[in-house]
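As a starting point, one isolated chain is supplied in structure tokens, in the form predicted alone.
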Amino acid sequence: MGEVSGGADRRDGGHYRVSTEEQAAFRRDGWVHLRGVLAPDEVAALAVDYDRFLRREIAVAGKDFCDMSGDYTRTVEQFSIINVMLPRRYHPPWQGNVYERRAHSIAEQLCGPGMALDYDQLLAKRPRRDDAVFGWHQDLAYWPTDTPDLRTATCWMAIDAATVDNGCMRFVSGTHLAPLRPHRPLHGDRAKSHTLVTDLVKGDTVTLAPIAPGDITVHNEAVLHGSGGNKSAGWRRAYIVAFRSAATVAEERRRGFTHSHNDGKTVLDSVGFNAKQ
């Protein structure tokens, strides 16, 4: 695995330099592709523990290990999109890793000072699963939106090359500048599945975002995005760390909103369903 062009000269310990053009693209489009945020050896080191999560050698409690394509009745063997919420909680050695540190530096360059890690997540699509589809959605449909500082930067890193064939990210640029769209539960009931979806509308233009291992996309939580199924013979593994303002994260925690699926109540019960029916 070779080095990504333009990556090594932008990395400095826990810092990654974002260009002024990339900052402008993030503001304009609601997302940006950053190349070579992690070096190949750094990706490989994280992949070792990532696969331990997938093999369930690192224990994850309850619904924090679930399927984002099916409902909660599926067995693990049936999962098409394995979702691990809050892996740094279940594997403390990951806390403060090089990816987190560089992503934090990126979030503050894109959004300004005072950003804090809100949650982390693993999303792995099994090979040859046409149903490993992440429907169109906006992340803010899941989270509280009545806090005064709504700055967000969600970093989505490719462990494997993310391609059109295996279900790379796709975006509708500029939708973060419009009102939040109505969302609905994918399987009709939040108690059956955590997943929310919305619809494309006339005039939406979809941009595919294939990226190399160690690259990331960074998106505003209000931009419309999703991903297709995995038609390839290999896994499509992604590692997400999401940042919001420190004040907003503190307010979320004050309300008891932790991003865990094990809180014993639905998002509707705990914080209000942002995406109205």
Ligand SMILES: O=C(O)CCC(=O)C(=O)O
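As the structure is a prediction and not an experimental result, all values here were calculated from the model. Note that residue numbering begins at 1 and tracks the sequence as displayed.
Missing here is the form predicted in complex with this ligand; even so, the following discussion is about that form.
- Between 71-79, 197-205, 181-189, 120-128, the stretch whose residues reach within 4.5 angstroms of this ligand in the model of the complex through a non-hydrogen atom is 120-128.
- The contact with this ligand in the model of the complex, taken as any heavy atom within 4.5 Å, belongs to Met169 out of Met169, Ile159, Cys111, Ala141.
- Residue contact with this ligand in the model of the complex: His104 places no heavy atom within 4.5 Å of it.
- With a 4.5 Å cutoff on heavy atoms, His225 counts as touching this ligand in the model of the complex.
- In the model of the complex, Ile211 stays away from this ligand, with no heavy atom inside 4.5 Å.
- Among residues of the shown chain, Leu46 is not one whose heavy atoms approach this ligand to within 4.5 Å in the model of the complex.
- Heavy atoms of every residue among Phe134, His137 and Ile240 are located within 4.5 Å of this ligand in the model of the complex.
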